[in-house]
Ligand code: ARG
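In the block that follows, a single chain appears as structure tokens, in the form predicted on its own.
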Amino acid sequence: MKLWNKGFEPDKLIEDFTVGADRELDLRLARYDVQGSMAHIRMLESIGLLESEELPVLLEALEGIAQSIERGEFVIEPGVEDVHSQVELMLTRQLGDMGKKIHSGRSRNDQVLVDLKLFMRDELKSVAQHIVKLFNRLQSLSNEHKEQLMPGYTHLQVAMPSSFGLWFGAYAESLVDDMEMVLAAYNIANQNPLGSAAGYGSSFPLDRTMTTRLLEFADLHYNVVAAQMSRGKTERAAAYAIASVASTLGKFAMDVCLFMCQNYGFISFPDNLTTGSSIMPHKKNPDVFEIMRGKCNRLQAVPNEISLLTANLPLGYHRDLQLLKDIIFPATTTLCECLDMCDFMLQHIKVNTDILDDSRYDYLFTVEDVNRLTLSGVPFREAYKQVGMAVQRGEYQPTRCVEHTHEGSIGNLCNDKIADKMNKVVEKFAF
């Protein structure tokens, strides 16, 4: 069944090529298609395009379909083009001509748009919830290990003292920035395109404000052409948010891989959370974080893929846009899996508390000693020279004393302030 059927069937080769994996991907949209249809028919009844006695019958039938979706029984049958066609077919089988009325004032263009908006809204909420979970874990670890020092690096050279409190806390605060990106994408998704039809509106007196309220969208895509132009833009915004989170997570995974190796030895995990070698009996490989790093690197390519797919499309709907599902649907799933796995692994991380006892880290304290001399009255440039010459002569002896008190430093992590920042972003999602 095809909603555009006019008495002929396309060549099977053409159909297979144009439909692709859309039937499988559309299963993830099924619940949203029913949700959109229920709002739409309530609106149709309010403007007289459905009889008042027809509305409860159609709503009951759609609720039955919704329940079959939740039970995992809903399928898109062979020969049925997409989820929209399947839902309408099921209604028509059950209710006859009454089922054929639900498409009045709609096109598949705005039907799939509203499905995608509802889907992306939920997916971005899920991403946000996974971020908050990992954020809380990182903050907890930051507070737990705030006294444990570790080396800080620039150019991969030993630089200045850092701490596990700073390390864990840095990634927590970075996730706050990522959440701002997720929120921006969520706000773009949280607008109602229903009623834009094929992109040029309808001669029916549709009440688009009503469907906006019923579907709990924050606002309406008012201009019907702009509503259609949001296809691709919504996915692109979500892709940039996903890539932002993936960048933070991938960077953290890289740190873990470095810090686990024997040359660093900063952290470790239980044997059963690592893998081994078929030839080297001593190996404990960080495969989880390597796979995480790889997946996050792939996720950072998603915005580019979407941008290239949509870059030269003129006004209006084009079938190219169907391919966006192939890109964005797996991306949200993969990101949530990576966030979950990172949280799980961090429940079992072990921190080395005696790292700086090794003499290789003596030079970490040169800046501390320059600052100590400066505070005692020696001009900074002279203090710098004194410590620098001691290093050159091989006479430098570190005091190993760290006194950082300003906001965000080793001795003043400001994790409570960072939590406040996160809470302010989360509140705007209105979970």
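All values reported here derive from a predicted model rather than from experimental measurement. So that there is no doubt, residue numbering starts at 1 and follows the sequence shown.
The next section is about a form of this same protein that is not shown, the form predicted in complex with this ligand.
Contact label in the predicted bound form: F329 to this ligand, heavy atom within 4.5 Å: No.
4.5 Å heavy atom contact, T333 and this ligand in the predicted bound form: No - in the predicted bound form, heavy atoms of T333 and this ligand never come within 4.5 Å of each other.
Contact test in the predicted bound form: F252 vs this ligand, heavy atoms, 4.5 Å: Although this ligand is absent here, F252 would stay clear of it in the predicted bound form, with no heavy atoms inside 4.5 Å.
This ligand contact in the predicted bound form: K295, any heavy atom under 4.5 Å: Close contact is absent here: in the predicted bound form, K295 is far from this ligand, nothing within 4.5 Å, heavy atoms only.
Residue (of Q139, Q86, N109, Q191) lying close to this ligand in the predicted bound form, criterion heavy atoms within 4.5 Å: If I apply the 4.5 Å criterion carefully, the residue I get is N109.
Listed residue that, although this ligand is not shown, lies within 4.5 Å of it in the predicted bound form (heavy atoms), from F135, Y317, F217, F164: Residue within 4.5 Å of the partner: Y317.
Stretch in contact in the predicted bound form with this ligand, which is absent here, among 257 to 265, 317 to 325, 174 to 182, 340 to 348 (heavy atoms within 4.5 Å): Comparing against this ligand in the predicted bound form, the contact stretch is 317 to 325.
Contact check for E147, E368 and R400 against this ligand in the predicted bound form, heavy atom at 4.5 Å: Checking in the predicted bound form: none of E147, E368 and R400 is within 4.5 Å of this ligand.
Residues within 4.5 Å of this ligand in the predicted bound form, restricted to 211 to 239 and counted by heavy atom: The stretch touches the partner through R231 alone.
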